[in-house]
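Here we start with a single chain on its own, the form predicted on its own, put down as structure tokens.
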């Protein structure tokens, strides 16, 4: 009887084992898929870090090249700036400058760049333009803006769109000449202003460029300076003063364009140098992350191999 019971129990276990074998066989592919998914995730994370390292290294090369180009342009722009000061400074001494001059019709000429990636010099010019308009605001005063540069237009049109008279763009593509500055000054004269204020960045050194406001009056008779020491006689006195005023505006605008261009190149050089350093630091961190991930993957694979060998030996 015991033999019969044992025989029946053995047959039942064999049947159970026969039923479990297909289930176990079905689980093996799922374990293989899970293992492949883990391996794929490890490879994918390593590949993503490697791709990020490559992109950051390329960005670093671009910023370094842009820094070298900006440094080369800054040298030539510095020479042009010093030459333009030879025109503007004698006129400033002769005609004088009245930053607090008052007038009914005021025109503001913010000088900005057409391209970005040059720090905050354009934002500074726009901020000083808004502050100047706010300081001279009054019921009987008219304000108009002649914007030089696309970056200044894009910023000022947000809140001063109605005051923008005209926009001059693409002044930095080629070297600006005095004839081009005089043509722009003629366009400013069409506004029939009483007081014109030119807002730009004055170049001091490769790391220093200060926002400056240069004032030009419609007629320089009230400006003062060394002109008061001379007697101007004849019926053409008013015409002479008007010609001096127009020439002073053109020369001041030419100097402002040169100063702002030199400041733009210096600011771009500093910005690209900072970007290159940031790219190098990020590349170092990504390299460390890549090495740690790769080492962790190798360590995990070694542990799995050793564990499998130990299981087979045991």
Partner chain sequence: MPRGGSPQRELQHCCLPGAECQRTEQEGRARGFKITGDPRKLGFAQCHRTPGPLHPSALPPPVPNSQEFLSKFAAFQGTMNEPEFPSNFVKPVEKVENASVPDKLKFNFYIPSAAINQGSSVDLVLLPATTGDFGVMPGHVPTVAELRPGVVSVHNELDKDVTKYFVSGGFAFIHADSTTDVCAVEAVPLSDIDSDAVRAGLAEYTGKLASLQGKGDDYELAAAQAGVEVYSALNSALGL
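Positions refer to the first chain, counted from 1. Since the structure is predicted, the reported quantities are computational estimates derived from the model, not experimental observations.
FYI, the form predicted together with its partner chain isn't displayed, but the following is about it.
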Query raised in the report: Looking at 162-170, 147-155, 239-247, 111-119, which lies within 4.5 angstroms of its partner chain in the predicted bound form, counting heavy atoms?
Result: 239-247
Query raised in the report: Quick one: is residue 232 in contact with its partner chain in the predicted bound form, heavy atoms, 4.5 Å cut-off?
Result: yes
Query raised in the report: Taking heavy atoms only, is residue 127 within 4.5 angstroms of its partner chain in the predicted bound form?
Result: yes
Requested in this report: Answer with yes or no whether residue 100 is in contact with its partner chain in the predicted bound form, where contact means some heavy atom within 4.5 Å.
Outcome: yes
Query raised in the report: residue 90: heavy atom within 4.5 Å of its partner chain in the predicted bound form?
Result: yes
**Report entry** The unique member of 132, 78, 180, 191 whose heavy atoms fall within 4.5 Å of its partner chain in the predicted bound form
**Finding:** 132
Query raised in the report: Who in 185-202 is close to its partner chain in the predicted bound form, meaning a heavy atom within 4.5 Å?
Result: 197, 202
